[in-house]
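Listed next as structure tokens is one chain, alone, in the form predicted on its own.
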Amino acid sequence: MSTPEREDAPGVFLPWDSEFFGFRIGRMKASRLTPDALRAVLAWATAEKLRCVYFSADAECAETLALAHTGGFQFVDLRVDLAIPMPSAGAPPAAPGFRPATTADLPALEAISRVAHRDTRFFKDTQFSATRAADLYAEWIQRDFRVHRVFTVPGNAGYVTCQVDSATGTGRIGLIAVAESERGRGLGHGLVGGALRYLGESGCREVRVATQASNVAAQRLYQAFGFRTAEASATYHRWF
């Protein structure tokens, strides 16, 4: 059992991640490190008996990057966040047959998700089981189906998940993937177009999406719609 989190604690315990992977996981609150902050987070992680701590670091802070290295943090990913204001001229066209997913679609979409996101941090960090990393994205599709919106195309050739924050007027594209056998037909472009149309109709004034710096194809896809880089962060894992 985790002790109640103090407001001044340098991190938070992550119960969902911990239960899913089968060991205790936490996340740092701050995006920058100082020597004192590093000592504090290591002491906190030890007291919480954590096995892994996630750290999303300010990629522009040289001191933070150096301290992360000396503090035993393992660099696993460079995350790029892109944003676009909703186009005043209307949303781009969606893929033919673009529609909300149903329960009957989920098995096919989960099968795609298990193999489509292998350039992400849970696969790059080999201390996570590749099998459980694949399970994570299948669970992600299920969660977005329950809580947000998932869209697909005929033949379940691909999917895109969408989230709406009505309080801020911000939409987010979560996961997007095309079945390997269906790539090269422009389905990715049609899925993004459909997502933008849905998010615009939902009242979003801005749409955001995150991808890996190594995923050049995804960045080019979003840039073709007018997305521009909003921020970048270095992702680290610290194992104990």
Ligand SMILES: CC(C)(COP(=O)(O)OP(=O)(O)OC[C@H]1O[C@@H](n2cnc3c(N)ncnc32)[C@H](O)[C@@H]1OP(=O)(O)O)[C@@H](O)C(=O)NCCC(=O)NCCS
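The first residue of the shown sequence is 1; numbering continues from there. Quantities reported herein were computed from a predicted structural model and do not represent experimental measurements.
There is another form of the same protein, the form predicted together with the named molecule; it is not shown, and what comes next is about it.
Though the named molecule is absent from this view, in the model of the complex it lies within 4.5 Å of a heavy atom of just one residue from Arg208, His189, Arg32, Arg197, which is His189.
A single residue from the set Ser202, Thr46, Asn215, Thr70 has any heavy atom within 4.5 angstroms of the named molecule in the model of the complex; that residue is Asn215.
Using a 4.5 Å cutoff between non-hydrogen atoms, Arg39 does not count as a contact of the named molecule in the model of the complex.
Proximity of Ile84 to the named molecule in the model of the complex falls outside the 4.5 Å heavy atom cutoff. The closest non-hydrogen atom of Leu221 lies within 4.5 Å of the named molecule in the model of the complex. Within this chain, Ile176 lines the site of the named molecule in the model of the complex, having a heavy atom no more than 4.5 Å away. Residues with any non-hydrogen atom within 4.5 angstroms of the named molecule in the model of the complex fall in just one of 75-83, 98-106, 162-170, 116-124: 116-124.
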